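Here you get one chain, nothing else, as structure tokens; it is the form predicted on its own.
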């Protein structure tokens, strides 16, 4: 049986399930954004539990509702948001490797904490790459199977695995998802256009996540802040950039952001915290905390060290 004939059939695609690898890099010059998993930490753990190389293609399941039928014997793991996981109606635990047989049905219910889960399979899904990545960006119609979210009847090819070591990430190392987060932010070069009063308002105020939140960016509402800049030229935008449009309400830009923009930017949320932001639901409370670029580098290096040195428990 060829690889094209082994894999998973999508019975129910859920609200928004996307094929993602680590993202698409080096193509901003032609207007293509990065894509990739919004919660990179949970994505990496899902692959780690399956023994996959970092960045292996997996699924990002927003809110839940995914049902798939296995047409091969293999292993899988689900991490990220806390949602019910069942195989053939039997409830299973997340954050560990599970064996699955041909004909078995995987069901992911709807999230109880957090917003996005990640489902990886041993060896990864075999998806053709577009511009060096399988990451789906629906706005650009690129990546995945057709450049769109999963649809009922889609087939996700992957290779069978008859035997494989199985692991669990101990509960002490798993993230907890709440309805409030403090996001650490490095001031950008345009911060001087926000006077001291505006910056103090920004860092001392509570914002709420609106329902205008998608993979491009999360719009917040709360204390308005103002920049002295008007009519600036469009320029490149980095991941985590916090734009302040004319209404003074912040927008945090994420993986599927446009590559250029013309709103003033007070700074950028560090990548560790955009992952936390992506797990919040509308109505959640958000505060901002200023950190230096050196502190940001240290935080990211420490997180990478913890990931590399966190042991998995072998369970089979």
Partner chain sequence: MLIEVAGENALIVYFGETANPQVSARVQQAVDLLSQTMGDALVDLVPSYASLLVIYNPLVTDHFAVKRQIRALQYAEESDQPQTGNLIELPVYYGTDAGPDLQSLADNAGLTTNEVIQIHSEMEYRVYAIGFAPGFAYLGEVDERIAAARLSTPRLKVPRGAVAIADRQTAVYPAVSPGGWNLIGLCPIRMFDPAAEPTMPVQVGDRVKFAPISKQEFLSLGGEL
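Keep in mind that this is a model prediction, so the values were computed, not measured. Positions refer to the first chain, counted from 1.
Form predicted together with the partner chain: not shown, discussed below.
Interface residue remark: residue 139 is counted as part of the site for the partner chain in the predicted complex, having a heavy atom within 4.5 Å.
In the predicted complex, none of the heavy atoms of residue 307 sits within 4.5 Å of a heavy atom of the partner chain. Taking non-hydrogen atoms only, residue 196 never approaches the partner chain to within 4.5 angstroms in the predicted complex.
Using a 4.5 angstroms threshold between heavy atoms, residue 132 stays clear of the partner chain in the predicted complex.
Only one of 168-176, 120-128, 183-191, 203-211 lies within 4.5 Å of the partner chain in the predicted complex by heavy atoms, and it is 183-191. Between the partner chain and the residues 40, 270, 277, 70, the one pair within 4.5 Å by heavy atoms in the predicted complex involves 270. The partner is absent here, but in the predicted complex a heavy atom of 234, alone among 230, 163, 234, 152, sits within 4.5 Å of the partner chain.
In the predicted complex, the residues of 272-302 lying within 4.5 Å of the partner chain by at least one heavy atom are, in order, 293, 294, 296, 297, 300, 301.
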